[in-house]
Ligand code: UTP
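Just the one chain here, the form predicted on its own, laid out as structure tokens.
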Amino acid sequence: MKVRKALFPAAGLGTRFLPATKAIPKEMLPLVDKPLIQYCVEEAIASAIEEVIIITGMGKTAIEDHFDTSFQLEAVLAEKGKDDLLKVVKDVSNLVHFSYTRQKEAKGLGHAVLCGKNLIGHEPFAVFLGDDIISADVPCMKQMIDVYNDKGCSILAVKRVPREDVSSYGIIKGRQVEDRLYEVHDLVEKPPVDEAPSDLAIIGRYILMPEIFEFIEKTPPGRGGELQLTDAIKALLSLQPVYALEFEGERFDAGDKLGFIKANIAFALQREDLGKDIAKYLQQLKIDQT
């Protein structure tokens, strides 16, 4: 069965970006001139995803509004003859079919995924974490779907991280079976450095088989009293294989202030309308951190 649906957990409070996220969802923070979540939605579409399911929470209506039709704005732009901007606005609302459901309590990523059970049904699905922005010639999710089409099981996106950073990630233990592909034998959520089974960290892209839902439901709360998706995937290993793909591309942790700034610089430099001016500005900066 093909991967048709993508789940976007977006109910978090975004506390690392306060006070900006007091009234604006973290997922709507602009990366150059598009909100973070739109980059991930566009990646999903470029990977042949047909339906996007967004798990929202209190104060997240701006996400729904962004992907909805804005009659008043479109009318103003049309009246002023701003056809280029009108096309941009219309294109956003016509990207793909969207569905929404609420995560009423912040109980962890596993619980957020579980909230999408009824909308997913009994079919494989993709999961995107909207603050992981990946720049790649072939979309990261497309790379993963290609592996899924061959293996027919859950696929995790992984990237090597500095050993001292492993305690910030879910880490896999696995056997390399092909170039950049690993058969997963174990997963550990945020292990101490001296207990990490590898330096391959799970990044915010997953393809999951529908059986994951029953394992999430059976998973006891983990770190912080939350339902950890990593723990449920670890339990899933008892039923079916799981593979991890060391994807090709550059990942930006836009959920972190430094990563967010780096992403804005990198994506601005890639733009035809901004790249040269940004590069010139950076070269002119006199940086003194002494």
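Note that the structure is predicted; figures quoted are calculated from it, not measured. Quick note: we count residues from 1 along the sequence shown, nothing fancier.
What follows is about the form predicted together with the named molecule, which we do not show.
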*is_contact(A279, the named molecule) in the predicted bound form, heavy atom dist at most 4.5 Å*: no
_the named molecule contact in the predicted bound form: I133, any heavy atom under 4.5 Å_ = no
*asked:* Taking the named molecule as it sits in the predicted bound form, is T219 near enough to touch it, meaning that at least one heavy atom pair lies within 4.5 angstroms?
replied: no
*asked:* Please determine whether R271 contacts the named molecule in the predicted bound form, using a 4.5 Å cut-off between heavy atoms.
replied: no
*Hey, of 100 to 108, 180 to 188, 67 to 75, 134 to 142, which bit sits against the named molecule in the predicted bound form at 4.5 Å between non-hydrogen atoms?*
100 to 108
*Answer with one of L114, I207, L129, I202: the residue that has a non-hydrogen atom within 4.5 Å of the named molecule in the predicted bound form.*
L129
*Along 11 to 25, which positions have a non-hydrogen atom within 4.5 Å of the named molecule in the predicted bound form?*
A11, G12, L13, G14, T15, R16
